[in-house]
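Presented below, as structure tokens, is a lone chain in the form predicted on its own.
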């Protein structure tokens, strides 16, 4: 049978953004997938070089619009490292609380859309968005923004937590603990979901390491590597963080890692709120920020919801001379050249969903 090429995207609903895939098929068997990217390129790294340091956090949040607070914190932490500014103790706890709430919201969105992509359990899609909205309301209360937050300031935060925030959050955490268990029971009792996720898109431990993937995609292949434990920052060591990993390397394993990460994030938020000290958590006013040392090089990495995010900055007085970003979605998306090969075309979409790609994070 002659090989056939078909075009998927860049406006296909299951590619979640402007991702174009050119699929070479033998019948309905995938022989090769060629990802085409660049439709959303905005030149973030170059634009930052034209702005003063603290004019860029709001722009950074658009790189990953599903977890904007994560990139806000990563950029501000990079500037803090460049200027040698320590983060206040209370602010470290508050940052962890907000980052883990953001991780929960991100994984809930992923879970709902991934299940929707394979045409199963639309009710779970609705449940996930309903529960995610509860988490977003907490972030809105804490930061003042619903989708984009820009709550990080050098050495601390723009806004500290409001009175009673901890009690309101405990109620949400108790609710989410029960809901995650219900999700697992309901989803994993569906034989079609299990058939379409297990033994699909298998990536071995060696392949995952060689391809340079990170985050749940890496940990789903049995590699127990998480920046929060390998290179602890803020108060993760004090909270006894435990990374989550599975060994099967298939789509189901990557699903399971994210489910378990939601549970761990719930625990981390609760423990951080209980251990949080009193005091001031506010950061420096922007107008008081002094120049950075000329030609200083810093590298900061964080565990973002989609994997390892890294920023390399070369300073030059009041603005970065050079900024380079290692975005997790960009590296993880490259696996689409290998994972679907040999599978049927219909299996491409669960595999793509299990990678959890955000195209603004790929193109930047």
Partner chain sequence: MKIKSEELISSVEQKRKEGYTYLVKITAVDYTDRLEAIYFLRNLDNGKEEEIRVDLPAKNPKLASIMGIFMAADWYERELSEMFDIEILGRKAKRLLLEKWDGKEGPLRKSFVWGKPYKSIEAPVKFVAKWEEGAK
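What you are looking at is a predicted structure, and each value in this text was computed from that prediction instead of being measured. Numbering follows the first chain given and starts at 1.
What follows is about the form predicted together with its partner chain, which we do not show.
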Thinking of its partner chain in the predicted bound form, which stretch from 159-167, 212-220, 92-100, 67-75 has heavy atoms inside 4.5 Å of it?
-> 212-220
Of 205, 294, 199, 137, which one comes within 4.5 Å of its partner chain in the predicted bound form, counting heavy atoms only?
-> 205
From the list 227, 154, 176, 253, which entry has a heavy atom within 4.5 Å of its partner chain in the predicted bound form?
-> 227
Taking the shortest heavy atom distance, is residue 122 within 4.5 Å of its partner chain in the predicted bound form?
-> no
Might residue 52 be said to contact its partner chain in the predicted bound form, defining contact as any heavy atom within 4.5 Å?
-> no
Do residue 30 and its partner chain come within 4.5 Å of each other in the predicted bound form, heavy atoms counted?
-> no
Can any non-hydrogen atom of residue 333 be found within 4.5 angstroms of its partner chain in the predicted bound form?
-> yes
Its partner chain in the predicted bound form - contacting residues of 298-331, heavy atom within 4.5 Å | 299, 301, 308, 310, 312, 314, 321, 322, 324, 325, 326, 330, 331
